[in-house]
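Below you will find one chain, with nothing else, as structure tokens; this is the form predicted alone, and questions on how it binds or moves follow later.
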């Protein structure tokens, strides 16, 4: 697989999925926290105003309202920025939604440092760690427009709470109209024998770019789209690690407790393997253009390639 020059945002994929769901399922309702234009839920609001609720700048109330609606049998999509959905409203997510195993799909936009100029206060770097630690919560980090669209549609059929992390910037289109999402099933996008590179979200196209660079040097990187962080695809991860004997994880998130932590836990228990985790190194972000921040914090394709070279000796 090569990286396309066409770009679309994952939040546009979210909006497209909501419109499809709205047309097919009258049970679907959408909530937001005064951010409908940014999260793209305004498109659902315009089409289905009677099934949209703006809860204002009150994220705890948003999650509690989502739980109440779900308790009446609705399938609820709760939207706001990731930093607020998981941080400000954690108690309501844990004790009101997840404890009761309610059908609330938390689709949180603006995850990671690619929020850019909004700065560290709005750059969620701990959200995956928080959500994957919550019992019953499923955690999904789609990589492009189509994967987001199909994941958001698929979770309507999945019982219980789900956290879907969505980004702000436009990213390369990696999949097409025929893409079908399956919870917990990682995808090998590029086979390789020298090193396994597991990536999610924004970092997937960076990993594919790094693989192209490495291929020119004779190194074969196996690139895996680990779109589901919980539950992990243990079979694919362990089989790939057994083939390559080296593993790198790439995420736009803290290396503590996120996707890299989940993979390290699995390998540590079942197949100890030389491993490196690429992500935010126990630090806050800062304000700046998205791509500048990606390079500044060592999340770019060149850095991934360099880590792979070092790990391969």
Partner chain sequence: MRGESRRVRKANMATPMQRPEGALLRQNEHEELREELEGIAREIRWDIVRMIGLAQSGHPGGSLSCTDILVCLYFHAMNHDPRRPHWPGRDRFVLSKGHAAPALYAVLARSGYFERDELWHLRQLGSILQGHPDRLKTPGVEISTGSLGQGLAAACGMALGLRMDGNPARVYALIGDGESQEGGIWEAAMLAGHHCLGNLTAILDQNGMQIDGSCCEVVGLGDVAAKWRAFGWEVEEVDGHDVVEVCRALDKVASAALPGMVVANTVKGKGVSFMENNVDFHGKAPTPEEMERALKEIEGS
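On a predicted model such as this, the values are computed, not experimentally measured, just so you know. Positions refer to the first chain, counted from 1.
Keep in mind the form predicted in complex with the partner chain is missing from the figure; the text below concerns it.
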**Item:** Residue contact check: residue 120 to the partner chain in the predicted bound form, 4.5 Å heavy atom
**Value:** no
**Prompt:** Taking 4.5 angstroms as the cut-off for heavy atoms, does residue 232 touch the partner chain in the predicted bound form?
**Reply:** no
**Asked** Looking in the predicted bound form, any heavy atom of residue 54 within 4.5 Å of the partner chain?
**Response** yes
**Prompt:** Does the partner chain get within 4.5 angstroms of any non-hydrogen atom of residue 91 in the predicted bound form?
**Reply:** yes
**One stretch from 160-168, 174-182, 71-79, 143-151 that, in the predicted bound form, holds residues within 4.5 Å of the partner chain by heavy atom** = 71-79
**Request:** Taking 4.5 Å between heavy atoms as the contact cutoff, choose which of 35, 271, 275, 58 touches the partner chain in the predicted bound form.
**Result:** 58
**Message:** Can you work out which of 228, 240, 86, 96 has a heavy atom no more than 4.5 Å from the partner chain in the predicted bound form?
**Reply:** 96
**Prompt:** Within 99-122, which residues have a heavy atom closer than or equal to 4.5 Å from the partner chain in the predicted bound form?
**Reply:** 99, 100, 101, 102
